[in-house]
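Taking the form predicted on its own, here's one chain by itself in structure tokens.
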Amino acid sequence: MPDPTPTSSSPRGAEITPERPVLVLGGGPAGLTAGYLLANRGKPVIVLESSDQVGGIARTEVRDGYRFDLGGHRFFTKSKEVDELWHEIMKGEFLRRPRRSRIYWRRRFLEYPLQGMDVIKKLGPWELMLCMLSYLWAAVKPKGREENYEEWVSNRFGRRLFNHFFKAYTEKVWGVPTNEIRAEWAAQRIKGLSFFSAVKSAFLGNRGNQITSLIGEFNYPRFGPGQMWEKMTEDIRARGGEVRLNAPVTRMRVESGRVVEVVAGGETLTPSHVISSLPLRTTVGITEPEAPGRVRDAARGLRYRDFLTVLLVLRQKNIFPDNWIYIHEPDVRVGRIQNFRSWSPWMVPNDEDGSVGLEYFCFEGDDLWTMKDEELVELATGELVQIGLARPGMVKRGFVVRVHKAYPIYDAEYAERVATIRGWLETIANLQQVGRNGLHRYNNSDHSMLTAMRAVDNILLGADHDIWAVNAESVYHEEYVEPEQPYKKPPSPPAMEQPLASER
């Protein structure tokens, strides 16, 4: 990465010294990126992580040598500087992986990205014609205001395809009706995908990976995403920075429009600048003196979707070839199933077993969240058999990992609440929010890291980047540029076995 000439101080805070380091709150992708860039440029920095492991929701869990990726993380980006940073950190440890994913719908497996003949075979000519007519009607009718997810998707795909492929799965993921999810979420996540582009991709392919939702291959760390965050942590420490684990931030004192004290892990620290990836609700809640009442009310009103992953070790090497399968079937509660060996064969410690992760979306405190681990393992095992991906008796053991505040919810009030909080945050000169929960925006890892890059530029270069503008639609419509520095491709993984489930 280029090494800009740092400034000794900026309007956002005091001079950076060992006594007044930059404090980075949160050790996920955004926080570690900020810490890495600052340490790389010789600046005193302390990254404060509340748990005993870095990576946040992008971490890799390890159980008895089996490695599990929480959420599934494809390393693909249209940001050249993020791609270069990834390769700078990982060097030759990236695998180039083909994307293989399917949709399980009406007891059928559909290839995703869509493939023309597969769609025709699985839907049938009559249903395909009805979907086409529904799309044509959506294309010619007046659009009106697109305020929610249901309106946004129906206008681009037609009501029939929305009901088939979007409604049930989306409501399973978010736990609320699709007409309560804001259109901004669809615009951000589905990006350039439409009925026409999906059909074009189905028959002609996604040339140049122009549609991010339909990329055909991606990079992946040999030992899972956690390998990247662990390497960044090592590099921060090697360059004189600190990464403190089990150091939850409990208080942030503000005086005269600046953060003057941060209490973390029982220790009081004096920052020059603060870069925070803490959830907005948490940032507001720990500030002293208290934020104005309207800001506290806005923060309390922000909602999050939690999720848990049931990690199963299997007595068969590969039960299906996909990286993951989206489960649109309403008869089961699982939302998505990952096959970790398909991500990387090094995720499994031997050459005989397989391992999968069944993802369940929930709210903290509901029946899924509070279910005992052994009951969740039993539920996941039964649903894996019910879907047709495993046989009874195939599961050797299981584990459960719960993830708090995994997904910020784009409900009807979120935009106004975030604007209220942002207005108050902008009165604190030496504080910048970054990352997914720090901005209450459903960013992928690359854009979370990009927000941290911009925050560091603001500190070291006196730049005036608007962090909240990162991941605007224009970012996603950039042309993808291959990285200038090629990397050495590691050995290919062993061939996949045939899946158990039928391809009817």
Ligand SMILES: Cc1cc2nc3c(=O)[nH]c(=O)nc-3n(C[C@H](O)[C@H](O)[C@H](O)COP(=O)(O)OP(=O)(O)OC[C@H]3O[C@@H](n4cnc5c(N)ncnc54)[C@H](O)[C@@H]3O)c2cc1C
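This one's a predicted model, so the numbers in the text were calculated from it and none came from an experiment. The first residue of the shown sequence is 1; numbering continues from there.
Missing here is the form predicted in complex with the ligand; even so, the following discussion is about that form.
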Evaluate R341 for contact with the ligand in the model of the complex, applying a 4.5 angstroms cut-off between non-hydrogen atoms, and reply yes or no. no
The ligand contact in the model of the complex: P248, any heavy atom under 4.5 Å: yes
Does E61 make contact with the ligand in the model of the complex, using a 4.5 Å heavy atom cut-off? no
Taking the shortest heavy atom distance, is F307 within 4.5 Å of the ligand in the model of the complex? yes
Just one of 373-381, 347-355, 404-412, 144-152 has residues with a heavy atom within 4.5 Å of the ligand in the model of the complex, so point it out. 404-412
Whether K43, E93 and P221 all lie within 4.5 angstroms of the ligand in the model of the complex by heavy atom: no
With the ligand taken in the model of the complex, which residues across 325-340 come within 4.5 angstroms through any non-hydrogen atom? R336
